[in-house]
Every structure is written in C-alpha cells, then in structure tokens.
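The chain below stands alone and is given as structure tokens, in the form predicted alone.
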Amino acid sequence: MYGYAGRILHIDLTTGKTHVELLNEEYAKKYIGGIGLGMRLWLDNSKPGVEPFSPDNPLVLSTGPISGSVWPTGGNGHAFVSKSPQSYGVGEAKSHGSFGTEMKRAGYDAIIFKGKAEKLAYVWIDDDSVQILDASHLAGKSPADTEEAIREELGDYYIRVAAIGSAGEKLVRIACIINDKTRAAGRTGLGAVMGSKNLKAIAVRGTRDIMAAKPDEFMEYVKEFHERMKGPATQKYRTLGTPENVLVHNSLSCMPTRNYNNSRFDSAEKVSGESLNERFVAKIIGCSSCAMRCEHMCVVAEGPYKGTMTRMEYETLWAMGPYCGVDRLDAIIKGMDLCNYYGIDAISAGVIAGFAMDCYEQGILTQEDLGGIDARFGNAEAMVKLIEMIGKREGIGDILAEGVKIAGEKIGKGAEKLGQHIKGVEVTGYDLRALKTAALGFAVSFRGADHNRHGAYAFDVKGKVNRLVAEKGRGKLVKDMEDVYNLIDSFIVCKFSRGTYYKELEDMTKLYTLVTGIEMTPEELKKTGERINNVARLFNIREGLTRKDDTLPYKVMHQPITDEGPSKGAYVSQEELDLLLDDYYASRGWTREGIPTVEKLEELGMDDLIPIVEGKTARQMEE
C-alpha cells in the first residue's frame, strides 16, 4: 500500500503480548485514517457499555494516510480515540508536532492498547521492536520531563514521545496526552484513560520511508501548497495567531465571560492577540513539514511568573482569561504552563476555574471550601491556584478534577446549573446564545462541547446568516461542515490550513489519490465524510447516548445575554433547539430521535453496523 503503512499494532498491557494485523484496504478507503479509522477500530475491539477506566476500554492511536510524508501540515498528525470519561461516548483528540510522523515511519497506521500494566510502564516502539518498560521512575513527572528522561534513557534524541502528566496518573477526567512538550491531544479526557492503563508514555522511533503512489506529481502538489500556505488564507495564523479572535468576538458580544454571566469582556484589550504579541510572544515556530508556522511561544520576562514559557492559543487564553474575568496575560501564561506541567486540557481547566469562581460568588462554595482562596472573578492568583489544585487533585481540586458536570452534581445547591458543558465536556470560547448555527453544531457534536467538530461558528461570525435567529436550513450547513471536518481529522491535516484547499473536496481527493494510488472521486470522498459522522453516531448510540444528550448548557437556554450591544436578550429556547435538531436530523437522513436509519447505513455501505440501531427507534419511542 502507498501512503498507508498497511499495519495495525495490538498491545495487551496486561499480558505484555503484542501482535500485528494487516490493515484492511476496504477499511482504509471507507474510513481514511485518523479519527475515522480510530472510531471504527474502537467499535471492532470493544464491548457495549464498557467503563472508560476499565482495562477493556481500548485506547486507539491512529495516523492518517498523509502522516509521515512531507505534505504541509499533514505529515505530522496523530489521533487518539477511546470511550471518554467525560461524555461516556466518543472520546477523540488530535495533535500535531512530530510524533505522528515517527509512528508512521515505524510502520504503523494504528496502535490499539488494551488491558492494564501491573505497574506504571511506558511502551518503546523501535520499528518492529516493541517493548513494555518500567516507568516507576517517571511517576509524577511532567510530559516534557518524561520526554527528556526517556530520550536520555534510550540514548536517542530523535525519539518522539507522547506522555501523560501526574493528572493522567491520578485519573483527572480532563487529563490530556502531550507530545513535543507543548502539543496536546487535549479534549475528552483521554490522558485519564491512558493513566487508567498504567501507561505513562509511548516512545517511538521509525526509519521506514513513506512512499507516495505518484511521487513526482505529489511533490509538485506539495510545492503548490507551500505557496498557498504563505498566502492570505493563513495570514491570521502566521501573524497574531488565533488570539486575534479576542477582539473580534468581543465586538460581536459573543465571547462568554465570567462563566457565561456576560458575553463580552470590558478588559479585552489587555488580553488581546495584539497585546499578547507585543508583550509576550518571543518566537513563532512550526510543526514538522509545515510551511505555515503558527505556534506562538510566549515568555514572561518579569513579575511573579518570570521565566514562564509556553505556547498560547485563543481558546486557552479565553478560558483562563475572560471566562475567569482575568485580565493579566502573565497569569494566563502561567496557567497554561501549569496545564502542560500536570497534563490537563487547558480549555476545560479554565472553564472549571470559572465555574468554581461562580460557585464562590453565588455562595455555593465558601472560602473555607476552597482552602482559603478568595475565588472572585478577576483574581488572577486564584485562577492559577485552582488550576494547580485540579492538576494535583488537592483539596477542592479533587472534586473539580471530575469536570464541571460531575463536580456540579457532587457540590449540589444549584451548582449543576453553573457547570457549562455539553455531554460532560466543558464549553469553548463562543457564546452560543448569540451564535445559533454554532449552537446547533455544538449540540450535535459527537465529542461534546466543541468548535472543532464543525466550524459552524464561521457562518455566524462572518455574517453569512442571521446569527440571532434559529431557522430551517442550518441543519444542512452544519452537516456539510461536519463532514469536511471529519475528513480533515481523518487525513489528519491541520484545520488552520483548511482555507488553502481552494476547491475543498476536489483538492483533498487529488491529494488522497496521489499519495495512496486509490482512485476516489469528490462525491465518494464526500460520502466518506458522512460515513465517518455516522460511525461516530453509532459509537454514541451503542454507549447509550440519545437525542436528550444533543442539548446545550443551562445558561445558554435559561439566562439571556444582559450586556448592552448587538446580542442583548439573546438565548436559545427549547423550541428553537428542537427546530434546529429536527432540521439537522432530517438533513442527515436520521429519525427524529437522531438514529441513523437502516436505509442510510445501507447507502453508506455500513451494513455490518446495522445491529446497533435495530430496535432502538421502537424502544426510544416507548420511553
């Protein structure tokens, strides 16, 4: 096979046994790679109702057909898939850097981890050699320190490592998996799944060549995309980076602030992309094979957090900044650094801190409950301390480490209404009350609250629709965007590069065929994106999720925006949500309960998964 390595590695951490199976070429074409292949392999290797922290819950690590090549932004990605300890449905997260490149060059399209090591261990993959080694000496180390220690221990600087921090070891439900020191497979708590298997790290070294089916044409296409990525489609990422969004969203009054108590932040200028770049960005670096460079490395030069260095994106800046009412960039950078150190999803960490602040201001949590912290909105030191406590599972951090859904239930006294999440996964930096196309995209997202599963906010923010109105037609907009994003995450090319695919599906089809030699039409590729979304839906249905889970956070539906400005009074009613869901399900060819029909699955060539939906419709109607 070209593009693909053609092999899937199985590792049983309980027995220490490994074996390799050949990649099914039909699977390759039907699910591409990345999250598509990962979700299908998870379904094939798991039993319904498996607990997220059970040894029987597989952790699937997958690459895409472009991984390992020199394709700009596509040669370096990898994805993790498992059952999420937050949503109890699809858990998936991607990361870039250099780890995916090395894994593909070691000769694997996917690695499936099952079981649980007797004690903390790491897996060392050196081409065909696979070893499970003792990691007792790495306990409690940060992912970055773990990476350095493994390289030193094995005597090879070019080894690539994906690791968890102490948060993953302690089963913090927002734990992530970090590679290349700052690149995170961040959302849905898969670092905790890794920790539940006593798996501290995965170290990889590969020496195989990755061959394209049509190398000369492929290299010409690479050159063309290198030029595209230096053009206007990626200017935002190459200059201010995603923090440019701060002032844009603030001007539209669609940036959730102070745990959704406001939709704009009065001190936005202080935490803007402009201010960040002027005061803290030291350099901008790129991933392996990337012509764009978007990683804005920030350094704090003075003050209590002097010497702190990390990368910064809009979502993480927003979560620890405006969402907590914090206007100090040095503290936000420190918060991000702590998330990398403990190995936790920085978006969720900031949202959880904002939730705790709201509980404190509402009198639900006292200063004594918080270990003496004066957790007022805007208290930068309190935000930093809360993140530290979550990472350590210390004091109130032990409850907060469960995520806002479970923490709200445990705290009680109305705290459940203050936890802003979808399917147990914390919200991101878009006020869904004022972005109703995005609200639909978030509600139906198969991995919980997320902007990266659909990109539907673009229709609202760019004025392509009336963002304050819910109406028919939005379902198809979300569906079509979802299907393209599914392909992006299965090829595993960077979403920041999506604007350089001028003809979208045509360009992606050409890339796939040049690399793999497998002939594909744009129409077939479009259907593949749809198939991947359906396999995700089947994953969730099999694990017990229903239409009731396609909902929105409490404040989005019950607390209208009060800020003066273009969004005042906006919220999403149950009637609007029902209209949007009905429209979306219809556009997908699903039932009103959101279940793929037998006819739809047959149309997509998914006959072998039909048993998952048989009888579901009748049972749900009875309920």
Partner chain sequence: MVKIHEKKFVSADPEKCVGCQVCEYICSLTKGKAFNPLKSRIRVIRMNQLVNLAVTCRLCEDPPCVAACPRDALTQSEETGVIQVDEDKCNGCGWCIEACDYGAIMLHPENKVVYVCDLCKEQGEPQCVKWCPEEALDLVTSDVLAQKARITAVKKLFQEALKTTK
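Numbering follows the first chain given and starts at 1. Only a predicted model underlies this, so the values are computations on that prediction, with no experimental measurement involved.
We do not show the form predicted together with the partner chain, though everything after this point is about it.
Asker: Which of 321 to 329, 173 to 181, 384 to 392, 546 to 554 has heavy atoms within 4.5 Å of the partner chain in the predicted complex?
Answerer: Careful reading of the contacts points to 173 to 181.
Asker: Though only this chain appears here, would residue 302 touch the partner chain in the predicted complex if you measure heavy atom gaps against 4.5 Å?
Answerer: No - in the predicted complex, heavy atoms of residue 302 and the partner chain never come within 4.5 Å of each other.
Asker: Answer for residue 455 alone: is it within 4.5 Å of the partner chain in the predicted complex, judged on heavy atom distances?
Answerer: No.
Asker: So, residue 57 and the partner chain: in the predicted complex, are they within 4.5 Å at any heavy atom pair?
Answerer: Close contact is absent here: in the predicted complex, residue 57 is far from the partner chain, nothing within 4.5 Å, heavy atoms only.
Asker: According to a 4.5 angstroms non-hydrogen atom cut-off, is residue 466 in contact with the partner chain in the predicted complex?
Answerer: Residue 466 lies outside the contact set for the partner chain.
Asker: Just to be sure I understand the contacts: of 293, 527, 228, 498, which is the one whose heavy atoms reach within 4.5 angstroms of the partner chain in the predicted complex?
Answerer: In short, 293.
Asker: Could you work out which of 222, 240, 120, 518 is the residue within 4.5 angstroms of the partner chain in the predicted complex, going by heavy atoms?
Answerer: By the 4.5 Å criterion, the partner-contacting residue is 222.
Asker: Does any residue in 266 to 303 get within 4.5 Å of the partner chain in the predicted complex, counting heavy atoms only, and if so which ones?
Answerer: In sequence order, 282, 283, 284, 285, 286, 287, 288, 289, 290, 291, 292, 293, 295, 297, 299 come within 4.5 Å of the partner.
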